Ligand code: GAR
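Only one chain is included here, represented as structure tokens and corresponding to the form predicted on its own.
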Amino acid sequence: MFQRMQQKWGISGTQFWVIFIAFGLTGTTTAIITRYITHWIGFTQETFLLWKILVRIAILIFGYQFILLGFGAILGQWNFFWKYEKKLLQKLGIMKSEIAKNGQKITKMAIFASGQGSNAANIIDFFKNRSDVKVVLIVCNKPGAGVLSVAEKNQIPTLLIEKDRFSKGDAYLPELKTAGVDFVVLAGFLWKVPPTLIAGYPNQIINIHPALLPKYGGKGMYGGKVHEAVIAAGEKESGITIHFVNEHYDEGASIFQAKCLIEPTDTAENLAFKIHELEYAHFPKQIDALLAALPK
């Protein structure tokens, strides 16, 4: 049960127990304060029951929330509890959720990339004038990668990640959740996605592969290595595959494929150019279609 809650909230094990303690302290403190307030007001056993109930409800709705934020701040979990409170206030109709100009909820996207970021730049450019979709985070595993310059140029926050925490730890779920990320796009990201991240974003992580899967996929098959293998095998066509991400390299359910012919004179470099053209033409449009199908 605790693990499911960690995955749902996108937090680490340590953070979970700190949050658990904050809830416990808030409950105890609220109960103590309630007793003092009711005593100060002068409630007795003869006091009309409805008044007792209304006062306790008021303390629970307002006092509890402020106390929770206070303990959250003291324990270093302000971001988590403020997000928690905003959701509650939105459900109660006290605070409006973040919406686009046309009244739709803004879908927030994170792009993971390891290289120059040409696909990331293309995706950002596709959505830059949209009010209902926003790229809120660029995640990269290589210091100095070109995609970080793409992010800087477009004034998008970046997150530089390290291997052990990503693969064996919390997969940076807390940072993604804090940024409000709804959807994850892998655009030339070379690390295997861990189960923790997949559980945190079920059917909401997609990847693009520069070949017609299931051919020429798997560990080590990326970029120029794929095109060299395709040319060496004498294939007559190649293409792109956009697919959901699961625990295995390039084995998630296929979403879309587009093909191109391979001429006898084509080299791996020629083929790479053709594949890039397919990626630029189709990837943003397929992302857009998937985002449109997300629950609002």
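Everything quoted here is computed from the prediction, not taken from an experiment. In case it trips you up, residue 1 is the first one in the sequence shown, and so on.
Separately, the form predicted together with the ligand exists; it is not shown, and the next lines address it.
> Using a 4.5 Å heavy atom cut-off, state whether Phe166 contacts the ligand in the model of the complex.
Flag for Phe166 set to no.
> With the partner left out of view, is Ser118 within 4.5 angstroms of the ligand in the model of the complex by any non-hydrogen atom?
Taking the distances in the model of the complex, the answer for Ser118 is yes, it comes within 4.5 Å of the ligand.
> Tyr222 versus the ligand, in the model of the complex: is there a non-hydrogen atom within 4.5 Å?
Contact with the ligand, yes.
> Is there a heavy atom of Gly200 lying 4.5 Å or less from a heavy atom of the ligand in the model of the complex?
Outside the cut-off, so no.
> Taking Lys108, Val133 and Val185 together, does each of them reach the ligand in the model of the complex with some heavy atom inside 4.5 Å?
Contact check failed for every one of Lys108, Val133 and Val185.
> Scan Val193, Ile208, Cys140, Ala151 and let me know which has any heavy atom within 4.5 Å of the ligand in the model of the complex.
The option sitting close enough to the partner is Ile208.
> Name the stretch, out of 171 to 179, 157 to 165, 72 to 80, 109 to 117, where some heavy atom lies within 4.5 Å of the ligand in the model of the complex.
Careful reading of the contacts points to 109 to 117.
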